[in-house]
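Alright, two takes on the same chain below, each alone as structure tokens: structure 1 and structure 2.
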Structure 1
Amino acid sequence: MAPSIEARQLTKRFGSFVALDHLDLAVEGAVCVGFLGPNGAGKTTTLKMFTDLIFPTEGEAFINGISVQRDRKRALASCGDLIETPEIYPSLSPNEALEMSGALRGMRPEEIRDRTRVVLDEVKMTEWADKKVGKFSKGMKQRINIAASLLSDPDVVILDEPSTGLDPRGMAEVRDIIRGLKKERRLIFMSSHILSEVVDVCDRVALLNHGKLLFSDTLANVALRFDGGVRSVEAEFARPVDDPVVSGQIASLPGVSGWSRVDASRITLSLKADGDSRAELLERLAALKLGLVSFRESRSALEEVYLREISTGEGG
């Protein structure tokens, strides 16, 4: 059975403040979902109800079809999570910290030992397995926290803004780990307010603001859905590409409706909804032999959608 998570009318009130307002959201399969929203939108509140850290005022959360509120142990048995930024005892080594984490989950000692080797390799911390955590950088500690969330070999992984507070290197390391998790056929539900992070690692996005779900869709469909049939891709070349070449050879390719320049070697192409697929356009661009080195969905597309939806929600 494919992994799944679902919220049904999930609501949380703190007095008169509505942190989450009747959330209906269902995700199934081995996908990575970016749970987007500004600070205070209700993302962490949602994840805490999925992991039974707080109880909903109304509604239910389900993991693999099992209600978290009615059967917590069975629902969370197949779920690993990292909520906010837990601290690790500085005197412990990663091996010791994971041994304690596994014991708290009720895992057998031999299972803990076997899985510890696997997860430390997944987060690229094997060589640090017996070093004291107190000497680690924040990024290294976060990798151990992610390893702890993977210890029980879950098929659903819930991460709460895993890159927040890290330096650029630490952020890149965490993103690499998440890309690796996607290859293991897991469902990854990851809250974030960093759009570039979501574009880099996610397949789907769900946008929350003021406790309300504004939309949920595949990353590829977001710009198409909200930009009237126009979406954008960014193409980068190994060397500068002159305007006459862009307007003459590239802009005339089937499916391209317009272009703009990012810098001397990068351009953004607007695509028609009824044009060729991105794969076909990529083949045609490569055939021009202009030194194409990168081709991806334009980050500006998600950014524009995000800002417009958030602005509209606040205005209404």
Structure 2
Amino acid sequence: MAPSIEARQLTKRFGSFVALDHLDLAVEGAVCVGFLGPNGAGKTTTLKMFTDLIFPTEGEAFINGISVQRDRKRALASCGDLIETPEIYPSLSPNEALEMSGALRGMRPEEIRDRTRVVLDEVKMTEWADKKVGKFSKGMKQRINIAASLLSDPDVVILDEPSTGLDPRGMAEVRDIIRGLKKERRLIFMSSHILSEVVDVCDRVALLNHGKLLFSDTLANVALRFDGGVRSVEAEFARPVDDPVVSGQIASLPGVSGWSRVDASRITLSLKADGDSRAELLERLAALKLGLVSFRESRSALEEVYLREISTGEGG
């Protein structure tokens, strides 16, 4: 059976505040879904209801077809999760914490030993395996938490901002881990507000704002969604470019709909274009011989769609 998660009319109210408003979302199969939204959008609230840390006001969450609210033990049996940055009993070592986690999941001692070795190696914590967790930094604890969530080789993995607290190297390593998980054909549902991370590792995205699902689609379709809109590129020159030059020579190039200045030698060009005409624009810019040294999208398609959808939701 393909791994799946599903939210049916999932709603959470805290008093009069609606944190999540009748969320309907179903994901099935080996796929990595980025769950996006600004702070307070309801991402963590959703994930907490998927792991029974909080209870829905209405609706239900299902993992592999089993209701988390009705049978948390069975529902979470095939799910590894990481919500916020959990603390582990401080006097336990990573080996012991994972041993406890594995034992509670019903893994055999030899399975626990083998998998502990694998997952600690994966999160680069092998040399700390017998040290007390209480002395670890937040980033180290987060690595152990990621290891714990993968210990039982679950087919559904729920991650709430997994790179929180990690240094840039740690963040890159987490992305590698998630990519590795994808190869093992699991369903990964992760919240993040690091769009580059989502673009890097996810196949699909779901965008939430003010507790409402704005859209849910593949990354490829997000780019299509964006096609009718305005994309921007940033061009950097080796020397300052004057306004008359920009308005006279650059802004009049085909496909350019507007421009703004970043600094003396960098400008942002708004354009209605697809990939091919961007290539054309690059060639034309280079032909102007203004000393073009860099030409790149100032925002990814996801970022553009994210900002547009969020600002639409805000009434902007």
Partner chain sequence: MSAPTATMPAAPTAGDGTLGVVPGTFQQAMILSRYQLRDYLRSRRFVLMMSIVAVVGGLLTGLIAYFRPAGVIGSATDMYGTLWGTSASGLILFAGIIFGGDAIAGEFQNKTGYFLMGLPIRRATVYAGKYTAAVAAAVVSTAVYLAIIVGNAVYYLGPGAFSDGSALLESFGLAVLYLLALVGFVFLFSSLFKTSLYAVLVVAVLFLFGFSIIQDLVVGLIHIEPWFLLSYVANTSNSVINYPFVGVPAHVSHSPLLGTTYAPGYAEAIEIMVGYLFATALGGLALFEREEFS
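Residues are numbered by position in structure 1's sequence, first residue being 1. Because the structure is a prediction, the values reported are computed rather than measured. We call the rigid core the largest set of C-alpha positions that still match within 1.5 Å between the two forms.
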With both forms of the chain shown on their own, indicate which is the form predicted together with the partner chain. 2
Rigid core superposed: R204 CA moves 2 Å or more between the two structures: no
Taking the rigid core as the frame, does F215 move its C-alpha by 2 Å or more between the two structures? no
Compare the position of the CA of K132 between the two structures after a rigid core fit and state whether the shift reaches 2 Å. yes
Enter the rigid core superposed C-alpha shift of K141 between the two structures, rounded to one decimal in Å. 3.0
After aligning on the rigid core, report the distance the C-alpha of Y89 travels between the two structures, in angstrom. 4.6
